[in-house]
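Read the single chain below, which is given as structure tokens and is the form predicted alone.
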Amino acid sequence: MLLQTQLPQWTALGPALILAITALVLFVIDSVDPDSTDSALLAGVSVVGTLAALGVAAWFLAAGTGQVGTGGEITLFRDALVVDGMSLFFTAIFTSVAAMVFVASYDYLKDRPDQAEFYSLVLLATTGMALLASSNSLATAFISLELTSLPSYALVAYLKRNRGSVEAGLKYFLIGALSSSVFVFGISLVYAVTGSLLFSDVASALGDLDQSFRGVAGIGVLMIAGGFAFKTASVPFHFWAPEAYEGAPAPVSAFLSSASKAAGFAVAFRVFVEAFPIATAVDLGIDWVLAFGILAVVTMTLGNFAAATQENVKRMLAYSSIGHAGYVLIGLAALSAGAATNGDVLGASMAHLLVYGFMNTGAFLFVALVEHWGVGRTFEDYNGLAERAPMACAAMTVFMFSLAGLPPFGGFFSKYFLFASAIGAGFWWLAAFGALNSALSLFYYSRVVKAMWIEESDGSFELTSRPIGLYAAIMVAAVGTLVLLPGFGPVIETAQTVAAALFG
């Protein structure tokens, strides 16, 4: 029987509700014992709640909830929220990353004050991401974006006595506030000319728009695109990312660069495909496909060239994440009005975000492990690390080569399908830029591998502990990256199927 006939429709929001309830449970625990530093309890509750949300999202996705074969998307709250295959796919990404971050935080935050606040903030941000993926209105998209962003500002500045963390949090907040104001002003312009905030109504109104209002609509769409570019750390709104990722605690950097980036793309995909259809937008003189094409090339190129010049590993990964935003933008840049390949291209971008969630989160968590040991942050500090921690360094090698897109790692397959889909859609030049940038990225990723395995250690550091949580999270990320090799067929098929439903 179908899920819709077995359970009330509101239960389709089960993953987001579980995340929110888990955050409230942590609030209660913190209220009862505000000085608690019981990492096992706090991390355990967070992991259990997040895995429960992941399990429900995976169950709904496998059961076809909100998909064409089971009656189509489920709409709630006067169509303001929608649950379909795409929203569930992205929710699985968010919860997977959050679970790994919680496991790693068990050691990273041990004996620190305000642990309950940390876990609660991550859970609230993840709840916002789940709602963001289900947004079917510009109003709910903005509110969900703020629910995601506000906890993120506090998380970046979590290390209150660390000047770099506090400074990064302040910069992130100021730039984020500016970005939100631009985004909401763009929404107001679109609402002024269409009279609605629901995506389907906006698309319908744009099709009948009077000539005198087209300029206003174009500016509104451009400002909305700028808001999404900030959230995904795309050029020219990328400059906050290196500062925030470097100053934030490494688990927070992992969370922001993987889950938060995916959340930005989740809502961008839905907004531009459903609210601003390609054919209608082109007729109005708003060629957002071309704009995203230019943005993709510039973002991946600048991100990779900047990463290649870094000496700080964490900062290198920050610029690397900007480069990967450029790859994912191909999902919007290689679309054409009415093309049968649209679902393949968008689905390939979604599949790359899933693989990226594991390999990028694992890489940042390895940096967290190194920070825990007090080794240092530069490439030179990593010299000879494999002699002391071979398992962790082997996992980091998997992450580096997968991020670079080398076979037979998961990143190779996700990039292959992404570039192949772009070529199939007639956008071979996007694939060419992507391939060239991937080749460039191998230079700086291999520097990490070379330092760990080939360079000689100066013997100035001692690894006095083997933090269970950090090791476990890193190994889960590595296994996830490798398991996606034989399992990538079903992943790409599911992603392309749920993406194609947006164009139906």
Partner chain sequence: MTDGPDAGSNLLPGLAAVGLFLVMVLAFAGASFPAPQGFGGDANVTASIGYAMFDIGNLGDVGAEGFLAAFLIVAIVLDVAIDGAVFLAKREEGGSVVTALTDGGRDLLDRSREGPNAPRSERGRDAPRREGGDE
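Positions refer to the first chain, counted from 1. Values in this document were obtained by computation on a predicted structure and should not be read as measured data.
Just so you know, the form predicted together with its partner chain exists too; it's not on screen, but the next bit is about it.
Colleague: Considering its partner chain in the predicted bound form, find the one stretch among 155-163, 332-340, 283-291, 251-259 with heavy atoms no farther than 4.5 Å from it.
Modeller: Single hit among the candidates: 155-163.
Colleague: Heavy atom within 4.5 Å of its partner chain in the predicted bound form: which of T140, N383, S96, N304?
Modeller: The residue from T140, N383, S96, N304 that makes the contact is T140.
Colleague: So which of A268, L124, V221, V235 gets a non-hydrogen atom within 4.5 Å of its partner chain in the predicted bound form?
Modeller: The option sitting close enough to the partner is L124.
Colleague: May I ask you to check whether S320 falls inside a 4.5 Å heavy atom distance of its partner chain in the predicted bound form?
Modeller: No, S320 stays farther than 4.5 Å from its partner chain in the predicted bound form.
Colleague: Wondering, does Y471 line up within 4.5 Å of its partner chain in the predicted bound form on heavy atoms?
Modeller: It does not: once its partner chain is placed as it appears in the predicted bound form, Y471 has no heavy atom within 4.5 Å of it.
Colleague: Taking any heavy atom pair closer than or equal to 4.5 Å as contact, tell me whether Y108 reaches its partner chain in the predicted bound form.
Modeller: The answer is yes: Y108 has a heavy atom within 4.5 Å of its partner chain.
Colleague: Whether W453 contacts its partner chain in the predicted bound form should be assessed with a 4.5 Å heavy atom distance threshold; does it?
Modeller: No, no contact at 4.5 Å.
Colleague: Can you list, in sequence order, the residues from 115-131 that come within 4.5 Å of its partner chain in the predicted bound form, counting heavy atoms only?
Modeller: Going through 115-131 in order - heavy atoms within 4.5 Å of its partner chain in the predicted bound form - the hits are E117, S120, L121, L124, L131.
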